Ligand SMILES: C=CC1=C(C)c2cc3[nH]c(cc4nc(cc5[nH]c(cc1n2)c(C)c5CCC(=O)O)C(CCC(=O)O)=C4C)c(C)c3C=C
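Consider the single chain below, provided in structure tokens and representing the form predicted alone.
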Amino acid sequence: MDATSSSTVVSQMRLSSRNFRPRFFESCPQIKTFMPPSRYACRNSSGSRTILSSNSVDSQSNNISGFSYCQPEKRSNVMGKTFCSAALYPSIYDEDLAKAPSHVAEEKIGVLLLNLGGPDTLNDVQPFLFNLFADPDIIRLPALFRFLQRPLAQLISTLRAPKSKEGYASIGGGSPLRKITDEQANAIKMALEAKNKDVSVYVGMRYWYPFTEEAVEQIKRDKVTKLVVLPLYPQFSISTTGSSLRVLQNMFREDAYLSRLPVAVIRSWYQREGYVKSMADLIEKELQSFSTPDEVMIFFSAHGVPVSYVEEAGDPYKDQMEDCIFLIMRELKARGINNGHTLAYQSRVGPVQWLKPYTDEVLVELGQKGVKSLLAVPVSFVSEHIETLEEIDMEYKELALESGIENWGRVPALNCTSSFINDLADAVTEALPSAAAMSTSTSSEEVENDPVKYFIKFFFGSLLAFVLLLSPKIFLAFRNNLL
């Protein structure tokens, strides 16, 4: 358990940030949405849900400054296209500094794939973890404690590194995520070329090389004139897609060329027919490896997020995950596969409450109930990495067998499955017409204008942090919950 298993990790350090709203959404007051005709269930900042028709989505459902999310209504009868948006990033620039991409005679299309990243070697583990925990979308400190972001990241990464190294050592000494993502990028490029789309595909990792910033600089050097941003996370979460988009927002706001580049952002795509059928294909194939396929329990294991992300920050991840499972099971039932199934969440860390039920607890319960055959499905991952190869294949398999489950199987990640890659290529093609140039606006991020108030906050924040860090009991409790 590591990297992405810690990816939402230290939300337990949120302290008292109950009114938190991610800065990415606050600084992007408008977002243009491209979705198929349907009805959508939207969660607003108060947590209530409303149903909007496709005609009202543009003006209401993505009012990001009001922190609304929009996703297909649960148990929808439609496997739709993607959430696709052209985010309008604030920027201040001199029009003479850069030539507008739209004025370039030859169109150059770029596709930017976003992913988490992972350490290439064991020596990379600690700095990778530092980058992870230094992300304000991972460790959610209130304004009073934000000056502790990097020191806290250093402490956590140092404490977690030994255990994380053990995990990576068990799967070969590093993460395969970069290699697989590069292969996916090449496969998507070939699929688009087969559709007569000449594109350049770039890979941007959030916490390790090649960083998102590096990919964006290459996009500038290549003079791309239209860009599609495709996060490799089927479901949207503020801790994954949201964090990556915040990095892009900062870069686009500050750069004259980028601020005028037409961009379409595919925010989630779990409801796409090609993705759903690709997942069903893998499940159907793996079921046949059991002696009695009809008796196998299909066990969907998704990466967890803290409950506070959903209930307080408005994260749509839980709703999208449940809808995703519904769509996959509906596809399987259409093929005559009526196995029982369940959904659980893995990779929780720390003392706060995460989305339930927990994978490890459910495995024990299934064994106690007499389930003998189980097929694990890593539904939130499209590439093999530490959480599939070590956490599921080793830790959870051992727990399942100890709990009385006799027959264990695991569906592989989609990786470069042709039907999956072709569907992502279709998603890019569908998104291109919605690309829109960035516009200028005023950022709504908080600015502390009163130096007296700032000093008071800093002083008392420092004092409290000092007391907390020097308290042996608190430090040991923190260390035990983290490791």
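Everything numeric in this text was worked out from a predicted model, so none of it was measured. Numbering starts at 1 and runs along the sequence shown.
Keep in mind the form predicted together with the named molecule is missing from the figure; the text below concerns it.
With a 4.5 Å cutoff on heavy atoms, Thr359 does not count as touching the named molecule in the predicted bound form; it lies far away.
Using a 4.5 angstroms threshold between heavy atoms, Phe299 stays clear of the named molecule in the predicted bound form.
Although the partner is absent here, Tyr270 lies well away from the named molecule in the predicted bound form, with no heavy atom inside 4.5 Å. Taking the partner from the other structure, the named molecule in the predicted bound form has a heavy atom within 4.5 Å of a heavy atom of His385.
Proximity to the named molecule in the predicted bound form, taken as heavy atoms within 4.5 Å, picks out 232 to 240 from the listed stretches 190 to 198, 219 to 227, 291 to 299, 232 to 240. Phe381 is the sole member of Phe381, Tyr396, Phe252, Tyr275 with a non-hydrogen atom within 4.5 Å of the named molecule in the predicted bound form.
The partner is absent here, but in the predicted bound form a heavy atom of Ile138, alone among Leu112, Ile138, Val377, Leu261, sits within 4.5 Å of the named molecule. Although the named molecule is not shown here, in the predicted bound form the stretch 118 to 134 places heavy atoms of Gly118, Pro119, Phe128, Leu129, Leu132, Phe133 within 4.5 Å of it, in sequence order.
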